[in-house]
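Single chain ahead, by itself, as structure tokens, in the form predicted alone.
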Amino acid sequence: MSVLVLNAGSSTLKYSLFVGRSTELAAEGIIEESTEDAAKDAATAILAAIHDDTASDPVVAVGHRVVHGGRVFLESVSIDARVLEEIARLSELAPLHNPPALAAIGAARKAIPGVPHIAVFDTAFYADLPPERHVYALPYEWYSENGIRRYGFHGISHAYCAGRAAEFLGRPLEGLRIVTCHLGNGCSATATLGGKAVATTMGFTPLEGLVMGSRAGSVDPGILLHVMERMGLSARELGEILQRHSGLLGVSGVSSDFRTVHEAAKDGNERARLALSIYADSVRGAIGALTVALGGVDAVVFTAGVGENAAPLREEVCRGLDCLGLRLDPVLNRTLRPDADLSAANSSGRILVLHTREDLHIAREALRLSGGIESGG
């Protein structure tokens, strides 16, 4: 039997095909530029391409990553009309993510009918954040009546990496204090204790927190009020700027792609250098804050496209973390690839680079809910 995983992100559509109860990976791929229309077309193309691969091992379940599950979806669910309606309603809170996911789900349900399609939500990992870390200091009725709270995102990746870090270090997950840094086009950091999320940088929407490819991250809300009044920007116009024209792109003026900005900085582009410095500083500050939330740190994890591949960024982020007992070995950082320990010999906490496996986590959830196999770690 096979299980297909479709992961529609803010800039890509990834797919993975697993075969057998051991969730052995049979095929995988990635398609850039995952807009809503592109996601639908890409999903259709992917499903056609894997048709021959599943002839002898038919797909028994399809797992879909969905970014925002709001207050309704606190765990993975089988997709039906009601679920689709709620995901669509939440699209206003995750406009770069939920619409492409809906497009991919629609294409997949049409191409592979009659099998369970499972939605796995990034926000579900943060359902149990302590109140002081999920309630904003705003009128309480906004929270109690309108659901305005910190939801957190990239939860699938953070959950997987926390478990993988414990496995990699050969230590029990119980009591282990980990800060995971998911750095890609979207960026977030999360503190986990014993595999449970206790604090995270993203909030009500995927806009809050770290500087990202085209998203601003956390900014003074007074700035937003100022530009709306003085520049005459509408809420829609401001949202477009914060979502698609800020972050690395906004500061560098070059690109939202970390690799392109990095090359421009190497060529002497000062705005590109500044953008990278701001980006690294935001990650460094988050590691410090999350370490305090945990009362110390046993391991810091770098993961996702930028975190796994950008050695100079990891070195810059770790500069100044000696006060936390975290010391990076620059040679290991430049030479080792995931999964690896990049820590210096005198580092009291471990610095790891791990390949995130959102697809594996989603596949396990899809098989669990469809009755294929139990959920794994």
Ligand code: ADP
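Just so we're clear, the structure is a prediction, and the values are computed from it rather than from any experiment. All residue numbers refer to positions in the sequence shown, first residue = 1. For the two forms, the rigid core is made up of the largest set of C-alpha atoms that agree within 1.5 Å on superposition.
Here the subject shifts to the form predicted in complex with the ligand, a form of this protein not shown in this document.
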4.5 Å heavy atom contact with the ligand in the predicted bound form for all of 184, 258 and 309: yes
120, 272, 210, 304 - the one with a heavy atom within 4.5 Å of the ligand in the predicted bound form: 304
In the predicted bound form, segment of 185-193, 137-145, 228-236, 287-295 with a heavy atom within 4.5 Å of the ligand: 185-193
Residues of stretch 212-247 in contact with the ligand in the predicted bound form (4.5 Å, non-hydrogen atom): none
Large Cα move at residue 97 between the shown form and the other one, threshold 2 Å, rigid core: yes
Displaced residue check between the shown form and the other one: residue 10, CA, 2 Å or over, core reference: yes
